[in-house]
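Next up: a single chain in structure tokens, the form predicted on its own.
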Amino acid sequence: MNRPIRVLMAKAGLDGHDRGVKVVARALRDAGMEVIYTGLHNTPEQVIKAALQEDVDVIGLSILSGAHLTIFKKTRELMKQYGMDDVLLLGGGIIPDEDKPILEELGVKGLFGPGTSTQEIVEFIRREVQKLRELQPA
């Protein structure tokens, strides 16, 4: 598959701080990815609906509100419900270290906090999407 990587970026929950997600979205776009930014105050249901409509490879949730465990759990449940096993789920924002293993066990493949370089995020997405694409039948 040679099509560009499609990434849906969303702010989930009541978090109204979107500077970081916009910086990351711009960096992904500049790296050649197609980026859909859904804006503020999304529910997991809205995120999944948009991801399905846009046929994305990656869902990136930015959460600074402290509701990360609840939001990621519901998002993963919906992804499983809709058979989105080939979609990479990433997170960014303020996520305490003690919660990271819980999120990884839920299926969140990458967690990026403040100070993570955009190049690191770009490289991670490229590498992980390539792995997923190699698993898909031709």
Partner chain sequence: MKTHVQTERERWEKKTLEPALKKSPERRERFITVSNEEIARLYTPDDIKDLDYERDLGCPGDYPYTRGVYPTMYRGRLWTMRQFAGFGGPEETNQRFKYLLKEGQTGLSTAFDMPTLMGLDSDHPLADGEVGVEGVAVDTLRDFEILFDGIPLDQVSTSFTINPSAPVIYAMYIAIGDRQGVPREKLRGTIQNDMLKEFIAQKEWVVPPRPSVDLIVDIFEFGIRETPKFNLISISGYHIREAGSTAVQELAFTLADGMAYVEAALQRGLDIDEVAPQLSFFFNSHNSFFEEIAKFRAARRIWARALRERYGAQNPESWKLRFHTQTAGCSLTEQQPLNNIVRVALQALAAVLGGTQSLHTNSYDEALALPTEEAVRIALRTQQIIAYESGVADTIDPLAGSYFVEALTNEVERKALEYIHKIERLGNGSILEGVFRGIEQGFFQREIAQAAYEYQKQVESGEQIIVGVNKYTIPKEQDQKVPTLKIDPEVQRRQIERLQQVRRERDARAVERTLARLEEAARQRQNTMPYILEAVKAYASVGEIMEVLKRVHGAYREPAMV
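Numbering follows the first chain given and starts at 1. Computed from a predicted model, the values in this text were never measured in an experiment.
This next part talks about the form predicted together with the partner chain, which is not shown.
> Find out whether any non-hydrogen atom of Gly32 is located within 4.5 angstroms of the partner chain in the predicted bound form, and reply yes or no.
Result no; Gly32 lies far from the partner chain in the predicted bound form.
> Since only the chain is shown here, I'm wondering whether Ala67 would be in contact with the partner chain in the predicted bound form (any heavy atom pair within 4.5 Å).
Yes, contact at 4.5 Å.
> Report whether the minimum heavy atom distance between Gly107 and the partner chain in the predicted bound form is within 4.5 Å.
Contact with the partner chain, no.
> Would you check, heavy atoms only and a 4.5 Å threshold, whether Gln53 touches the partner chain in the predicted bound form?
Residue-level check for Gln53: no, no contact with the partner chain.
> Only one of Leu90, Leu103, Ala27, Leu78 has a non-hydrogen atom within 4.5 angstroms of the partner chain in the predicted bound form; which is it?
In short, Ala27.
> Using a 4.5 Å cut-off on any heavy atom, which residues of 94 to 124 would contact the partner chain in the predicted bound form?
Going through 94 to 124 in order - heavy atoms within 4.5 Å of the partner chain in the predicted bound form - the hits are Ile94, Ile95, Pro96, Asp97, Glu98, Asp99, Lys100, Gly113, Pro114, Gly115, Thr116, Ser117, Thr118, Gln119.
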